[in-house]
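A single chain, nothing else alongside it, follows as structure tokens in the form predicted on its own.
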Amino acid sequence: MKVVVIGAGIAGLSIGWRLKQAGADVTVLERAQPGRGATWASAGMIATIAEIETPDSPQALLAQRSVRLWPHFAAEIEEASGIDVGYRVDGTLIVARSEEHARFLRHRAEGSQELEFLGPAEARALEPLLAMDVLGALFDATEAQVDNRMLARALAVAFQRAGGVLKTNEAVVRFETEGGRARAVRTPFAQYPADVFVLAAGAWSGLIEGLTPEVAPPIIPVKGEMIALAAERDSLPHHMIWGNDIYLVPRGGRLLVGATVSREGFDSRMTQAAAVWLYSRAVALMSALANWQLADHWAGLRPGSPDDLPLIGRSALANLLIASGQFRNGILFAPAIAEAIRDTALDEPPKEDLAAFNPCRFAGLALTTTDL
């Protein structure tokens, strides 16, 4: 079976690798460089409690399955590529700065084996840099992170070592369809026929020509800006921390601070206003950060959807599969989505109920550039 995957972010590379392992002939086409889109711009968190508050929702169940897959997934990538992807279990702390939020977090911890509610003194004992106005925190010691930039590099290596073909600077501009099936994709340089196509082009997934409104995914680019702070005298926090509408992720001697959310089309320019907002929010959460230096500032475009749920599975074209719309959870969902798309391409029964993520739920709602 010949497969063409469009997009070399974490989704496209993971899917291509899994399909290559299953014996498919796989080519991944990337419009720029592998892992340099939303994957590169993210914080690499494999965390569910802050992003998904409803534990029995379809999105939470997908996340929970993916979290279970991640330890083996990371180890397998490292073995195949020879690159350390920085997978580690740090734990997540969600900080309350109001009585109402503290009550909400305390309620979430009730009856849970993983979640623990900490009082103000306990929270500051765990993370001494926290501000004195913290009123408690929800703690999950099991949550993890990965170095998203090293992960993208490692996946590209693992995929190619497995025999996959990765073509960079090869933007797919059009699908060629016939008889209700995709026949080939075109780039400015060549035509690529295949038996199965996987559309995993992130924020650009909805812009490829040749697909009818019933097929084209209505993906919305969602801009996110982040900054990184470099410690001077103080040590980094030991855990991932959420609070004050931001998150803090310690990595490599720096503290990542994210992230803004704005829908401005494909404008990925960095703004001073975003950097100031992130910095001030971080300092309010940990006053010692006022002495830390701004080390970096970047922006990226996440793939969103009209209902904020991913699109995973078969499109209205039987041999075109979609893996997009992950919004802020591309890293978190990666191993589960790769497994699901591989199984779908091979006509094997899915290991999870993916009905809520059916790409056909948006039939006829494809966006044009004027909608973005």
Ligand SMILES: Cc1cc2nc3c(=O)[nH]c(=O)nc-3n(C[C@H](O)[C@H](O)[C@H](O)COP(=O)(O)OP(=O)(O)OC[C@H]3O[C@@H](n4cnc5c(N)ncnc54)[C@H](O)[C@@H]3O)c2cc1C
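Every value quoted in this text rests on a predicted model; they were computed, and no experiment measured them. Note that residue numbering follows the sequence shown and begins at 1.
Although it is not shown, the form predicted in complex with this ligand is what the next lines describe.
Student: Checking a candidate spot here: are 39, 172 and 329 all in contact with this ligand in the predicted bound form (at least one heavy atom each within 4.5 Å)?
Tutor: All three within 4.5 Å in the predicted bound form.
Student: Based on heavy atom distances of at most 4.5 Å to this ligand in the predicted bound form, which listed stretch, 155 to 163, 297 to 305, 106 to 114, 91 to 99, is the contact stretch?
Tutor: In short, 297 to 305.
Student: Just to confirm, residue 139 within 4.5 Å of this ligand in the predicted bound form by heavy atoms?
Tutor: Heavy-atom contact with this ligand at 4.5 Å: absent for residue 139.
Student: Looking at the partner-bound form in the predicted bound form, is residue 16 within 4.5 Å of this ligand by any heavy atom?
Tutor: Judged by the heavy-atom cut-off of 4.5 Å, residue 16 is well away from this ligand in the predicted bound form.
Student: Residue 4 near this ligand in the predicted bound form, any heavy atom under 4.5 Å?
Tutor: Outside the cut-off, so no.
Student: Taking the shortest heavy atom distance, is residue 221 within 4.5 Å of this ligand in the predicted bound form?
Tutor: Answer no; every heavy atom of residue 221 is more than 4.5 Å from this ligand in the predicted bound form.
Student: Can you pick out, from 85, 118, 259, 126, the residue that has a heavy atom within 4.5 Å of this ligand in the predicted bound form?
Tutor: The option sitting close enough to the partner is 259.
Student: Looking at 255, 285, 77, 200, which is the one with a non-hydrogen atom within 4.5 Å of this ligand in the predicted bound form?
Tutor: None of the others qualify; the residue that does is 200.
Student: What residues of 3 to 17, in sequence order, lie within 4.5 Å of this ligand in the predicted bound form by heavy atom?
Tutor: Heavy-atom contacts to this ligand in the predicted bound form: 6, 7, 8, 9, 10, 11, 12.
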